[in-house]
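Before any questions on binding or motion, here is one chain by itself as structure tokens, the form predicted alone.
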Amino acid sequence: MRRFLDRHWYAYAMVLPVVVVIAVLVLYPLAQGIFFTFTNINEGNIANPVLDRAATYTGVGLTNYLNVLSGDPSFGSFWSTLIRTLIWTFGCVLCHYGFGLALAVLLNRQVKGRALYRVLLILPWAVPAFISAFAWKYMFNAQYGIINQFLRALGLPDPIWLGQSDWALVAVVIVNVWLGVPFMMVALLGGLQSIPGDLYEAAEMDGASPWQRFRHVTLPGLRSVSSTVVLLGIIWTFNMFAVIYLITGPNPNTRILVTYAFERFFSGASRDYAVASTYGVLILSVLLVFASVYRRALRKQGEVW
């Protein structure tokens, strides 16, 4: 051990600051959040130095988990919120990947003005999310928004996009797709440019059609990139808070797990830190289970990840 440390001490010295920062900013809050899930902590019983009030919350065991997982509406209707979260996540990621792949294939060809198109398509990714959210919120305005004005001009019905209906979920999906496609496009375009051109030439000489070249050369060549960006997209979208909350606010029709955890932590007559922390731990658990299953499925397909 001493010889090992004498040889690699500089590596540990370089890693130590990062470990300390992660421990302070991530591990300690995570441990505290897990602890809160086993208590009844809220705004009324937490310690408050300003009011000279000591903490009076007590341990409740697994009560918070049982209450949340029971699906009780007073605790957020966990299962219906989870289903809405899955619809939101997979709907967005499917559109991200589909549109991103289509644009990447188009931009990978020698077309006139390709550099300009790339810059224009990356703009939604470059604009801060809150600016995009406010712009789309105005465009979705039922009375003055440009989207409904366009629909009226065509003689089509103009829904109340951001009201208490399923149109609100459709609206936030559209905004998130608009924001997320550029990242997917850039990542897949890099993957396309790494595929050797010899494979396409060989397939063309063998008489493969464009669809066959896409299916048997392009998609297998993008497998490693696709597996990574899809996983990242699912994790980011599952935890996406800004787009939903800035556009619709605390709307039950767009409520997903992370927005409900925020509502319980920062809203209401008595902020329920215990239930909010329980939702946070359950969100982490769902993502860990998904990531492990996803990783195992990739290994079965021969992907090293």
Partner chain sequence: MTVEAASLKAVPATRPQRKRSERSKAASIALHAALVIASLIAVFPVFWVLVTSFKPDARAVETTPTLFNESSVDNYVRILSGDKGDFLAWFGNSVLIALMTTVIAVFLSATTGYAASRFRFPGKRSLMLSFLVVQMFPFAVLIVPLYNILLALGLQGTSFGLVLVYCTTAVPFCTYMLKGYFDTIPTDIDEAGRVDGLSPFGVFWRLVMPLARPGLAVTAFYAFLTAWGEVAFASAFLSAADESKTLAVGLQVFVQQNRTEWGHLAAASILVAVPAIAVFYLVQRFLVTGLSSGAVKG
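Under this definition, the rigid core comprises the largest set of C-alpha atoms superposing within 1.5 Å between the forms. Numbering follows the first chain given and starts at 1. What you see is a predicted model; the values in this text were computed from it and never measured.
The form predicted in complex with its partner chain is left out here; the points below concern that form.
For the candidate set Leu82, Val173, Cys95, Ile235, a heavy atom within 4.5 Å of its partner chain in the predicted complex is found for exactly one residue, namely Ile235. With the partner removed from view, the residue among Asn239, Asn251, Asn67, Asn45 that has a non-hydrogen atom within 4.5 Å of its partner chain in the predicted complex turns out to be Asn239. In short, of 130-138, 67-75, 82-90, 164-172 it is 130-138 that has heavy atoms within 4.5 Å of its partner chain in the predicted complex. In the predicted complex, its partner chain lies farther than 4.5 Å from every heavy atom of Ala297. Heavy atoms of Glu204 reach within 4.5 Å of its partner chain in the predicted complex, making it an interface residue. Its partner chain is not shown here, but in the predicted complex it comes within 4.5 Å of a heavy atom of Leu103. A residue is said to contact a partner when one of its heavy atoms sits within 4.5 Å of a partner heavy atom; Pro159 fails this definition for its partner chain in the predicted complex, lying far away. Contacts with its partner chain in the predicted complex, taken as any heavy atom within 4.5 Å, map within 93-117 to Leu103, Leu106, Leu107, Arg109, Gln110, Val111, Lys112, Tyr117. The Cα shift for Met14 between this form and the one not shown, taken after rigid core superposition, is 2 angstroms or larger.
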